[in-house]
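First, one chain by itself: the form predicted alone, in structure tokens.
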Amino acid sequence: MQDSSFQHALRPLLDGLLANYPGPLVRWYYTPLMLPFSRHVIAAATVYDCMDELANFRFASPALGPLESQLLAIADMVFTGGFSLFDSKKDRHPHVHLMPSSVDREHFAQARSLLAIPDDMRTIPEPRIGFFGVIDERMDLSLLEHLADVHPDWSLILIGPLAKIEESDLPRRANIHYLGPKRYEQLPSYLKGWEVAIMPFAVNDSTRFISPTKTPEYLAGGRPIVSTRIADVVHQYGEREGVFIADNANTFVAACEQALAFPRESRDWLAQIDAFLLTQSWDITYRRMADLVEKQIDARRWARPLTPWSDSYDFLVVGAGFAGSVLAERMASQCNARVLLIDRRDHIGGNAFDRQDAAGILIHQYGPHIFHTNSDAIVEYLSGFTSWRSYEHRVLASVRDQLVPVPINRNTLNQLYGLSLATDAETAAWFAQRARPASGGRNAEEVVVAAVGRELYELFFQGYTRKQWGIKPSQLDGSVTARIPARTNGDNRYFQDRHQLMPANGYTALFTAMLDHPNIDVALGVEWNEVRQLVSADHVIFTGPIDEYFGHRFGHLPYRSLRFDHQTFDRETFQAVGVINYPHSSVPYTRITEYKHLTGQKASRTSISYEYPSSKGDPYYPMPTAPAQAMYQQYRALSEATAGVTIVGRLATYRYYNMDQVVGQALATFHRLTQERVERLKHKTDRPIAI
């Protein structure tokens, strides 16, 4: 399936099929192998419907694993066909939903009626013990052989196609009858003629994650079941009367003997089965799936290009975070420019993206984002897309078995040391007694020691900074620790900006409103190198890593990444404030965030995230070291000499900016670009352009 010529052949066929389809499109994947020729299709939702662990099957493509990782990265939701699959996927995607095998109860219940037994089975002697389904490497053929040998007086009926095994592999006995594949509507009539239904699966890697649909189908037909110890069968049906689980060939035979003696005509048993299967309806499962997909489509109303993109744009904007989204909005609304905004992730908002988790709590997928600024103009601009909630961020640090305020202030010192400092002057004098002026350069360690002394540096900064950046603080630029100054007053707020706010409905809602413009097309889950080969644009605005744009010509710029462990608890609150820092090196994470403090949401449950710095993963923080800056300057000079591209944003300009600073940079870039390009745009198009 991964042959490149085959993929090239499939893509135009798919495009031709979809060319006249009005949409909205939903990309629904049963296997990751379909991703390479369909990833370019713009859809309102992308679903990974995972029915089995295909990589465990015989002859599985080695591409399955890497492609599944890519599919999980772009899927809006993952459905799993069983409990074992759910457990294996739940930590790999934020929206994994259990959709276990269901049943058309009324269809298979026909096996309890006066249906005629099919001609090709009527003459086979009773008792009949049957199986329907694919006959492949998952079946324990030696178990079947043993069952037939121990009970030559039983007739074993097998219905279904062969797959991945040869006919010569099948055990041949006088009492084993292979009736071949049958149509779905015929299955109840065959089931009627059996006394017992069996699932003789081998217990191995290929069956580790299966959740056989035939289990509820057999029960709906009123037949007792004998199964090998398949995890999902045991989990969902193992305690149910009429279901027998066997661990080996001998116990399988004994279980079949018990099943033959089971009173399958009992009205009480059949009533219990019917009551149970009412909750296992395919109609219910379909409605759950459809509701989730419809909600996703509603949430994606801003992703307007549900048909293929235009061939040409005024601007191709790479990255749907603050920098890219602000520039896309300004160019579209103020210059009447056509803009294609793309992102390799499956959502807008960049690292500010927030979402409701399974508990209904609005969480920040990539860690806490608190908006603060002294700029009235930036607040005024963003207020066009959101209303606000006032929020003053407070952070505590776990130090010496206490939770004390940070940044370090007068309250911190009084609590930590049992002091009674009362004024700014007293606090400043206390700091001055412990400060140790830097003797050489101004690295991150020296900046802190020069301000508050070595003891406080070691308590609050040394371990945290080492964990965050992966190197000694003495190897980092002083700007790293200078961003969080010590204070002489008793202000426990983390920020002191004039405006401290949170978008009332979240950041994703803000971005949704910002990009809701007819001149903006949004494409998600795509790579910019691929897109720029499909469309032409007068100008590229690039907000990703600058070294990536230039193919890492001078080497890979170093970045730090983060890993988040999101958890939900059945309690109203988890901690006293939104964020608690854990500076000590013995704690692997740097901080815990509880999002309800940030959002003001009221709920009986609460969600948190543990934050682990990492050297691997998406780039978050440019490394503030001299060698990294030297390499960046090479890329910067190259970008300034490259026509038709503008580099903007945190990753592109290799600086750690707060959100308001990125917005300010984007607005300034817009004004510069409009002055440079207005005349050219006027000559290029008949559309009116306003500045």
Ligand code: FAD
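One-based numbering along the sequence shown. Bear in mind that the values here come from a model prediction, so they are computed numbers and not experimental data.
Not pictured, yet referred to below: the form predicted in complex with flavin-adenine dinucleotide.
J.: Based on heavy atom distances of 4.5 Å or less, which listed stretch (628-636, 647-655, 64-72, 29-37) is in contact with flavin-adenine dinucleotide in the predicted complex?
T.: Answer to the contact question: 647-655.
J.: Please pick, from 158, 435, 562, 259, the one residue with any non-hydrogen atom lying within 4.5 angstroms of flavin-adenine dinucleotide in the predicted complex.
T.: In short, 562.
J.: Can you pick the one in 315, 542, 209, 108 that has a heavy atom within 4.5 Å of flavin-adenine dinucleotide in the predicted complex?
T.: Answer to the contact question: 542.
J.: Using heavy atoms and a 4.5 Å limit, would one call residue 78 a contact residue for flavin-adenine dinucleotide in the predicted complex?
T.: So residue 78 does not count as contacting flavin-adenine dinucleotide.
J.: Do residue 381 and flavin-adenine dinucleotide come within 4.5 Å of each other in the predicted complex, heavy atoms counted?
T.: Close contact is absent here: in the predicted complex, residue 381 is far from flavin-adenine dinucleotide, nothing within 4.5 Å, heavy atoms only.
J.: Taking the shortest heavy atom distance, is residue 526 within 4.5 Å of flavin-adenine dinucleotide in the predicted complex?
T.: Although flavin-adenine dinucleotide is absent here, residue 526 would touch it in the predicted complex, with heavy atoms inside 4.5 Å.
J.: Taking flavin-adenine dinucleotide as it sits in the predicted complex, is residue 621 in contact with it (heavy atom to heavy atom, 4.5 Å or less)?
T.: Yes, residue 621 lies within 4.5 Å of flavin-adenine dinucleotide in the predicted complex.
J.: Does anything in 354-372 come within 4.5 Å of flavin-adenine dinucleotide in the predicted complex by heavy atoms, and if so which residues, in order?
T.: Sequence-ordered list: 366, 367, 368, 369, 370, 372.
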